[in-house]
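The data below hold one chain only, encoded as structure tokens and taken in the form predicted on its own.
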Amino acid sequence: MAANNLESTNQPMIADVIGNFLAAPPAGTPPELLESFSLMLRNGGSGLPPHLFQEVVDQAPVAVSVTDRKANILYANHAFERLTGYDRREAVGKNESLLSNKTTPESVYQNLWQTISASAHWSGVLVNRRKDGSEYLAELDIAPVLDREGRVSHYLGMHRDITEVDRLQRENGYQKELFQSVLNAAPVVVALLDTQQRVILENQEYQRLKSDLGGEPFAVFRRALEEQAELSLSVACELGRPFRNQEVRLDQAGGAGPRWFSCSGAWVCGFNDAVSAYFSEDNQAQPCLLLLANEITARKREVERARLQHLRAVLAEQQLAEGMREALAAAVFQLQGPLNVIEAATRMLDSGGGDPASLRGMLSEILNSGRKTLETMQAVLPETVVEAQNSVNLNEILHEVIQLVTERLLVNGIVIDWRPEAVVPAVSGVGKQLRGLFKYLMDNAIRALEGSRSNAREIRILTCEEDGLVMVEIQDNGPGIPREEQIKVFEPFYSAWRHGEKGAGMGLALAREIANRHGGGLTVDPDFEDGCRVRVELPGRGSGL
């Protein structure tokens, strides 16, 4: 009965407390709290009878309590009973501390009292305990209510159980951290990209590669897949077609060497977070690309090492054959002159020159012998084998040539400044011949530097794409080729070197022939004064040139 009387007595007081609170809410009071009580009181409470106001507050879906300045409970609604397990008749007259679980840090309570004692709103989380001893997390809002003199007269509290929400949030955070840890532990590059090709998820391997490349790895992978594997990601997306184990090569500037990756991709459904999708049965957005790139550089280098040994033998044989062709072609050219003279002398005798018959017979014999020799020399010229053209990566060809001449570079103290474009268009050609072309150019650059007195010996190699052409520049800081000899160096059997083996050509005639055979060209830059710069231009595959 005493409790009922207290409750009845408190009805006008509660209306006044909440009305005073709404009239002058403290700074920082959440808008939701103000809205909730405004709905309870409708027109500020002034037009509501006390018993009707009591019903509105009692039926509110959030736990409401009013305490005095010492936190003794003066009023609690039904939601408070349901949440705490305490009947309001038990709670009224008790201190709010009956809900404390004693595990909330003391510093939290100190902050709470310092805030509300200063007439400010406090919002936070406490660990509370129900009547049955079970724990729950309470999200609490406490607002001081001021009297007409501006002093704190009461405290108005609202709290709700956020135990399950907090559990779900922490579980979601744990799952996210676990997923990220698994991603970071994976020894492959992983990235998830949306339809605008923006990275929305990445692992540490992707971040490391971004640092190595100095830019977004996906842009490089996309171009490499298009150029080297002829795979269009936009088409694959439209068809929903995955791809697996597509090997691509990425070249880096400096001496780091190329890196190889085996790329796989799958299209996964994105999440549609638009508000308008709330009532939609299908909340899936446009597909996202899950890209996996496994670095296979170590394995490829082992394969390349064995392949290079084979290439050294093949290239040596090829260069020997090409050298024979150049030497024999020059010999044939030189032999043609005397034979022409002998043939002319024979014609003079036939026209009545008066020479004895014996001289005529001797000249005829020399002529016949010379022709047989000429036919024999022409017969031993190595035939040029016609090979099928394939898709060739010039960065790869150049890197192989650099490896083939590495020993000579080290012996002569020559530094290679390797500046390839990360991905260059493939060219249609014969890899063996193109390899020989660049080997001739590298050999000439090395020979130029062998006679150089400079302590800083350098060969710079640059690859790039210009208007459908793949450009390769090889320049050295040696003595260069005199301008008057820059045309002669392309003649067979001609050498501009003042040192080395006598009679050896430069191979530039054969190099230009190979470039021309592939629809391109080879030139010496006449304006380059700090050594020699040779430029090779080859049409990219599909350029139509």
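Residue indices: 1-based, along the sequence shown. In this text, all values refer to a predicted model and were calculated from it rather than measured experimentally.
What comes next is about the form predicted together with flavin-adenine dinucleotide (FAD), which is not displayed.
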{"item": "Selected contact from A224, A448, L140, L289, since only one has a non-hydrogen atom within 4.5 angstroms of flavin-adenine dinucleotide (FAD) in the predicted complex", "value": "L140"}
{"item": "The unique member of S181, S117, Q336, S454 whose heavy atoms fall within 4.5 Å of flavin-adenine dinucleotide (FAD) in the predicted complex", "value": "S117"}
{"item": "Candidate stretches 404-412, 435-443, 200-208, 94-102 - the one whose heavy atoms come within 4.5 Å of flavin-adenine dinucleotide (FAD) in the predicted complex", "value": "94-102"}
{"item": "flavin-adenine dinucleotide (FAD) contact in the predicted complex: Y86, any heavy atom under 4.5 Å", "value": "no"}
{"item": "Exercise: T67 in contact with flavin-adenine dinucleotide (FAD) in the predicted complex, heavy atom 4.5 Å", "value": "yes"}
{"item": "Interface membership of D212, flavin-adenine dinucleotide (FAD) in the predicted complex, 4.5 Å heavy atom rule", "value": "no"}
{"item": "E106, heavy atom within 4.5 angstroms of flavin-adenine dinucleotide (FAD) in the predicted complex", "value": "yes"}
{"item": "Partner contacts in the predicted complex for 291-320 (non-hydrogen atom within 4.5 angstroms of flavin-adenine dinucleotide (FAD))", "value": "none"}
